[in-house]
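Before any questions on how it binds or moves, here is one chain, the form predicted alone, in structure tokens.
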Amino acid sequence: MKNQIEAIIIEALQDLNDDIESESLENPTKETKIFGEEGALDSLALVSLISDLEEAIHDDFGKEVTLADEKAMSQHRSPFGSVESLTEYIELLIKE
């Protein structure tokens, strides 16, 4: 499941990069910084990514998840910091 989630995130970042053309998103990996310090996305691009991911997760896993909620925003370490941290967060949400 973890590899499938990571692939969904990477594909969404690549699709988003077609619009924003960020050098750091040309070949995203699990270490790619998404948002925050050294992150590739601004807040508007992050909203777009979240929307795309919620839709892809529903399509692939048949589960409705909300990525930008109080739980995500209140965490000490943001799940949107990197592909790896977002993968772990989404995996937790799917298992709930």
Partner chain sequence: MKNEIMVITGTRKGIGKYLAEYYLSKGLTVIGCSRGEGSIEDPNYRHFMLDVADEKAVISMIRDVKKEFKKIDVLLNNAGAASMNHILLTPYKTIKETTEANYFGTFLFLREVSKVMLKKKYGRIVNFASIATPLKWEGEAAYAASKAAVENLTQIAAKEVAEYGITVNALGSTPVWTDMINRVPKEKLEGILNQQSIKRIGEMKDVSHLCDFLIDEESNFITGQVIYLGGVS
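Residue numbers count along the first chain shown, from 1. Predicted model only: the values in this text are computed from it and were never measured.
Just so you know, the form predicted in complex with its partner chain exists too; it's not on screen, but the next bit is about it.
Does the 4.5 Å heavy atom contact test between Glu55 and its partner chain in the model of the complex come out positive?
Yes.
If we define contact as a non-hydrogen atom of the residue within 4.5 angstroms of the partner, is Asp59 a contact of its partner chain in the model of the complex?
Output for Asp59 is yes: heavy atoms within 4.5 Å of its partner chain.
Looking in the model of the complex, any heavy atom of Glu64 within 4.5 Å of its partner chain?
Flag for Glu64 set to yes.
Since only the chain is shown here, I'm wondering whether Ser51 would be in contact with its partner chain in the model of the complex (any heavy atom pair within 4.5 Å).
Heavy-atom contact with its partner chain at 4.5 Å: present for Ser51.
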